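First comes one chain, alone, set out as structure tokens in the form predicted on its own.
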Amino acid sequence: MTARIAVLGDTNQDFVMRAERMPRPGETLVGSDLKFAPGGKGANQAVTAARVGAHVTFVGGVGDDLFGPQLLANLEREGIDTSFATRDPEAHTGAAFIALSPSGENSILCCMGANLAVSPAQVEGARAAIADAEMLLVQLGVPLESVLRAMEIAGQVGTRVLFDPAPVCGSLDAMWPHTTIATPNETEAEAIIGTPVTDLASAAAAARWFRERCVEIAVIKLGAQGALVLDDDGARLVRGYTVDVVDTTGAGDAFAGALGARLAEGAPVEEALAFANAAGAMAASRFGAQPSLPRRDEVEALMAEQEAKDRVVSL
């Protein structure tokens, strides 16, 4: 059965260059290897879900400039329904300026532009698409009130919600009761709960914080180590996959898109998380955001290549 996914989120034009380090205040450094790529957390998650086999509807916004039509056309080439994506004539398309370190880690500066014009009314207009989906994916690249409205609609129509709370901003208290699966990484979890996440014990404590706020499945992403999950069956670590890291841009989005798609297909949580870990690893092994996002056969090939009996560890 083809999973049906609705994604509310941002879409950006990425400008990516390599640098030895980020400049200090008042300092100019010379970067290299400037490249352009489609990105945005929402769009990246939509593309991942589509590439691993889901039918995807995207709700978002672009500007009526050079980049906007190109970004929407790119989503449509992936088979994504963009009927609920708007073009704002008064705002620029979202943009992200990304510096890559030699290790592949990134530093990102975003100008959200038309993403900030995505309104609760626009979300309400996409109610039918949310109702038709088995899973709604949301992040924080569009206004908080629009994200909350989408989550409320999902609750009303019985659609599960995967909430990737990034970039962390504002008060998210109203959102947790509407969240089926929360997927912050260590840095995001620390920003939300106010306590450092530095090891498995603190990651489990962070997961308990989300569960106490009515999140059904709390996932703390731990990079190459994998992902810690806490649900009714207790806490487990689902180990990650080993790759040569080229560029971590989009890896978390690949994780979310793949996880949402597999859960929407009915996969057990641990199986879905292993698939998501592999998708994130594949994305980190390639350059760019959307250009790096893997297809299902590639994810399954990595899983088969690194098959391990101890992939899931009870905590």
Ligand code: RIB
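From 1 onward, residues are counted along the sequence shown. Quick caveat, the model's predicted, so the values are computed rather than measured.
Just so you know, the form predicted together with the ligand exists too; it's not on screen, but the next bit is about it.
- Exactly one listed residue, out of A204, V215, I130, A96, brings a non-hydrogen atom to within 4.5 Å of the ligand in the predicted bound form: A96.
- Residues within 4.5 angstroms of the ligand in the predicted bound form, judged by any non-hydrogen atom, belong to 244 to 252 and to none of the other stretches in 244 to 252, 28 to 36, 276 to 284, 63 to 71.
- A residue is said to contact a partner when one of its heavy atoms sits within 4.5 Å of a partner heavy atom; V157 fails this definition for the ligand in the predicted bound form, lying far away.
- In the predicted bound form, G40 approaches the ligand with a heavy atom inside 4.5 Å.
- Contact annotation: I108 falls within 4.5 Å of the ligand in the predicted bound form, judged by heavy atom distances.
- Contact annotation for V59: none of its heavy atoms lies within 4.5 Å of the ligand in the predicted bound form.
- In the predicted bound form, A289 is the single residue of 274 to 306 with at least one heavy atom within 4.5 Å of the ligand.
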